[in-house]
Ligand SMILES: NC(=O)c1ccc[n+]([C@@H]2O[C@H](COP(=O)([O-])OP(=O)(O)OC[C@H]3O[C@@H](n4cnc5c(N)ncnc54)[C@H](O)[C@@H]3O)[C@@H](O)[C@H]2O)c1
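A single chain comes next, written as structure tokens; it is the form predicted alone.
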């Protein structure tokens, strides 16, 4: 069996570009561990990840080599690796295929300048579901990364469900399948096909969600009650490496895509799940509290100049809490990050957790890695508990949670009893809407 973890990517945007460049960076610089939370997981290093297949709908990316697709507009992430050099982490001649558009392009995205938005391909052959599954099997894909735009519910479900049907493990980087009802149905499908899922809605290594969780959790662990937690995000500043270019900037495609309120609904729900999750796992009520996460403030340049996207994201957090004898606490924080590499730093862990879980005969949602790496995991955990589950899997040690998900435990019964056993797996109940609806 190959030691390489073969990965396909649906959506070759800035996050995909940053991830692949990051894997190549560590492959070329094996002594540099900065930015890696887990240099090794179950014996696997980042150098064991290989990208073999891509899917997109942009005319500048489809029917090209995967390496070429990583660098074309509207991608605006920082460049770590010279695009002219040969990538060792990409399989030779790996290509990008034209997937179905479905709801992958929001109508308002067509109003932006072509350099900062998607340009839908009208010439390439659009693969069918059967062709998609055949490609995954032909290229011996282990794991699919879903990087569809926020709000692309149909497109995400198309890539995810057909991948699972083909026996491929899935990392769902987007806010789909976030209600418990949808998540449980997807998990049953994954278990029947004996694959794993890490999901849903990737958080960054150290971004708005991580900071919100840690700040709120530390207050609650100190005995405080948090009555207000407001998180606001915006695209602002310059992509790292482009500071010398004197030019205005527009938001990246992620922020532009969420400029219309209807498009960002699932992201809003998912981000607020982070804020409420720390109260839920501690058994604290949320009635009457102010918990709000505004997914994005989108900025666009005025017409007339050169259009450039920015991959810089700024998060502002405001917390109000009360402690000993009713004493009031206020905390304000501001975090500015390079958005796409920040995501890549945690995806490299999710990929390796999927591979190790497969070798440990664990199926279904990986609850620890999902709680550590996602905004809306199937089970909300404290930061410490999620890290404990990840540390155990990194050492290939079973926990009470993963013991229940071993193939030998789940498939020792009839199909009817299997469904009942899946229902017994732990879930934190999560609705598909915000508390304000």
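Predicted, not measured: the structure shown is a model, and the values here were computed from it. Residue numbers count along the first chain shown, from 1.
There is another form of the same protein, the form predicted together with the named molecule; it is not shown, and what comes next is about it.
Using a 4.5 Å heavy atom cutoff, 104, 150 and 173 all lie near the named molecule in the model of the complex. Contact check for residue 210: every heavy atom lies farther than 4.5 Å from the named molecule in the model of the complex. Although the partner is absent here, residue 267 sits close enough that one of its heavy atoms falls within 4.5 Å of the named molecule in the model of the complex. The closest non-hydrogen atom of residue 100 lies within 4.5 Å of the named molecule in the model of the complex. Contact annotation: residue 350 falls outside 4.5 Å of the named molecule in the model of the complex, judged by heavy atom distances. Interface residue among 52, 386, 57, 410, judged by heavy atoms within 4.5 Å of the named molecule in the model of the complex: 57. Checked against the named molecule in the model of the complex, the residues 144, 357, 178, 155 give one hit for a heavy atom within 4.5 Å, which is 155.
This chain is displayed without the named molecule, yet in the model of the complex the stretch 199-207 from 361-369, 199-207, 316-324, 129-137 comes within 4.5 Å of it by heavy atoms. In the model of the complex, the residues of 235-272 lying within 4.5 Å of the named molecule by at least one heavy atom are, in order, 253, 254, 267.
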